[in-house]
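Shown below, as structure tokens, is a lone chain in the form predicted alone; questions about how it binds or moves come after it.
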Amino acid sequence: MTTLIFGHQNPDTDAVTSAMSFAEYQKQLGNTDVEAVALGEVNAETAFALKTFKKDTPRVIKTAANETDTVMLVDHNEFQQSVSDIKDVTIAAVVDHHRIANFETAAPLFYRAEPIGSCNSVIYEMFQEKGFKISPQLAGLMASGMISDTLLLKSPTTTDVERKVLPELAKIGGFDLQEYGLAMLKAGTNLAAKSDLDIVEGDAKSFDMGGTSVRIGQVNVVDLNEVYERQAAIEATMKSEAEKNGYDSFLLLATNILDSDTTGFFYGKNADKLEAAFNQKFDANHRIALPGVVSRKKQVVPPLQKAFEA
């Protein structure tokens, strides 16, 4: 029976490509009956990477237990971010670079997590430790995940691992790191091609904070005015999604990848928690300025968690 390997719901580039790279790692280990799949359609940035390196888009699954009894998780561990029937399958392995929360298994498993810039960074180290081969195509895919998660080494989540590894992968893959990286990031910022729902939910994750459900979405842009022009429709979509899915709070981060600043939009309870977390106030346009904030994982979730649990 095939073991399915996947990243989190609303998959970003690192989630999709780390499933692929970990599947290749498993095959070189001798575990050939594995398949990298996705828990949602790929976004424009990821599609650009897959097209560039001539890799087919992974199959999308809604549930896992109907076709396998064993899965491996990459780029996440929290059950609310995983496949809907995660509790009905055996988790054989996890490779991640996030916090550990809402996670438990009945059987022992392989688990590796490191506080570094991307899940692909962890998997790259595993390839090196085993002396496994990284093809030019795989190098491009792994680099794409690292570029996405570190905003081409500009995010505070960037570590010396990515600073060392990305140039090495670019050399293996035969591409210019800066030229390709900027082109890939910009491919994901075409808001005109995104619906309001795509903007709000395209890269959103749910978190349990102080016993409440907090949904945090993020969209990358090169001009925040494009978001401001659609603010009313975006806020209406946030309200609809929150009411439909039972989110107590919904925060959308619009991040300018060129100047590394973010504007936040909010719907729901506990707006005061958000203001306390960042020592900022919502302005007259119902926006909160988050200068220098680009990382949900490192700069948003920890202070919010602390504020909600205060």
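If you're wondering where the values come from, they're calculated on a predicted model, not measured in any experiment. Note that residue numbering begins at 1 and tracks the sequence as displayed.
One more form of this protein should be noted, the form predicted in complex with a further copy of the same chain, which is absent from this view; the next part is about it.
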(message) To verify the annotation, which of these, Gly174, Gly211, Gly131, Pro108, has a non-hydrogen atom within 4.5 Å of a further copy of the same chain in the predicted bound form?
(response) Pro108
(message) Counting any non-hydrogen atom inside 4.5 Å, which residue from Pro115, Pro156, Pro167, Pro136 sits next to a further copy of the same chain in the predicted bound form?
(response) Pro115
(message) For the interface check, one of 229-237, 214-222, 98-106, 81-89 should have non-hydrogen atoms within 4.5 Å of a further copy of the same chain in the predicted bound form; which one?
(response) 98-106
(message) Just checking whether Lys297 would be counted as a contact of a further copy of the same chain in the predicted bound form - the rule being heavy atoms within 4.5 angstroms.
(response) yes
